[in-house]
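Following this are structure 1 and structure 2, which are two forms of one protein chain, each written alone as structure tokens.
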Structure 1
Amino acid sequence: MPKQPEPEQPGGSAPQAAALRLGVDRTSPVPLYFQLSQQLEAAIEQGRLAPGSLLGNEIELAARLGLSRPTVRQAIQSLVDKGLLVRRRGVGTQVLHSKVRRPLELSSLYDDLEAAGQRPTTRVLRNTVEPATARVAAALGVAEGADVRLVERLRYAHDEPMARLRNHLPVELLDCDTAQLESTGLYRMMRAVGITLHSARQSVGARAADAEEARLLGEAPGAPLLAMERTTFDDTGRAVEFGDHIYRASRYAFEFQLLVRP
């Protein structure tokens, strides 16, 4: 059981993690496994851990950090779940050859545009209470004809129209202040009142713009549009929103990353 540092130069995939300054702060309220996974993730993002390189075995890593192996495993596992690392039994844990960023998130168009530096703005076209159509009632799990809030908005980026967003919400869920709707995204408003979003069922298709849609979005009638329907659920399983949205295909596409589930 050699304790001295090994020469280790077997090709180009020797453990590089040994050179990293890793360490945890036990006085911090941040969980130890999370501190470690953040440090490793930062090292990968910054290229200090080269793609394809081995991380070094878990036992040694645990010993070096003064942690138990399960704790180190928990840190590594979270990065495997993010797609940054790959484990192979009998081989080791390898840094994936970049290219991978984030798996698909339940994203808000507002946040997406803001993150892209697109300066999103919103015009509220409608903010009313209407009886639920059969389609909306089925999606939200309410009775057909029951009161449902209808919010229709036009979303701009750099003052160019990008999308028409039509959302249906249970009336009791949220105080939909029009001024607030114009200054932020719907998901942010939900989170602000304590709703924990959990999952969404989406459908993405395409269709031709009708005259009204073309006028709103500044496209020609018949122009191709991206159409998305989405039902969002909170962590109690309740449907909190049904959206029926159209996007200008000339200006917008959905980009996302998928991970294969093992």
Structure 2
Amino acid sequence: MPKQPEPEQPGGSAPQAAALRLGVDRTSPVPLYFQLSQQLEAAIEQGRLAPGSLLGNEIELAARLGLSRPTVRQAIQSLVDKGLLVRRRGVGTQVLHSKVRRPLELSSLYDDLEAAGQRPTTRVLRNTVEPATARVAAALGVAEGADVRLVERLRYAHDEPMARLRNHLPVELLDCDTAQLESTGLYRMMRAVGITLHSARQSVGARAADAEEARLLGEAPGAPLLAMERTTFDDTGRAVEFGDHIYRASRYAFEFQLLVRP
């Protein structure tokens, strides 16, 4: 019978970290540092270690788990490298916000963040009517120069900027009230007026942040960004949205499920 993970020993680290049930299986071929880092990462992703909470120092963790300090140090460093923890002089090791992993499906960022317990908020940067460029007109199936609605927003999670969202919509599609755009998601607003979202054509890429994008997202100029374009169609085949969005690569990832074709 495989040996069960050894229970942690009580210690005097930060309250949230001390309450975690951590353990290592010394009979497993998986390195001890990796076992510990995976458990801590899961606790961060699941919200059991909240952003801003202290992990406790290496000596305390090593004593609690019966591990060597280098093993604990390696586990912590792997999570620092992933951007999940930060070492602060005079404070200790502190939990950062977990990286948002979004499944690649027809859903809104607002709904995905809310489902993940990320407390989404929105700041509307622009909400106006403008002439459609050739690119926007082709996506929405309208004449170039025709009026379209532009909605540009900054989406936050835990009060930290995550993405700049830029959507063009047919001008008659929806009453885009700015206050409502700041309190809920665009797809929810569409569904509320009877629009049934059916399918989308989407591309995902990457590029470097320019100065303005870096300022909005709290990144350095030239930082990597995930870029996504999406044209969404309703159940009648009408194009209801053309989205041009950028996401902080340091805080965001798309997840794909790949299947073997029979």
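Counting starts at 1 and follows the sequence of structure 1. Given the structure is predicted, the values throughout are model-derived calculations rather than measurements. C-alpha atoms forming the largest set that superposes within 1.5 Å between two forms make up the rigid core.
> Of these two forms of the chain, identify the one that is the form predicted on its own.
Looking at both copies of the chain, structure 2 is the one that matches the description.
> Once the core is superposed between structures 1 and 2, does G222 show a C-alpha displacement of at least 2 Å?
Stays below the 2 Å threshold, so no.
> Determine, after fitting the two forms on their core, whether S28 shows a C-alpha shift of 2 Å or more between structures 1 and 2.
The answer is yes, as the C-alpha of S28 shifts between structures 1 and 2 by 2 Å or more after core alignment.
> Is Q38 one of the residues whose Cα moves 2 Å or more between structures 1 and 2, with the core superposed?
Yes, because once the rigid core is superposed, the C-alpha of Q38 moves 2 Å or more between structures 1 and 2.
> So, with the core fitted, how far does G66 move at its Cα between structures 1 and 2, in angstrom?
Between its two positions, the C-alpha of G66 lies 57.8 Å apart after core fitting.
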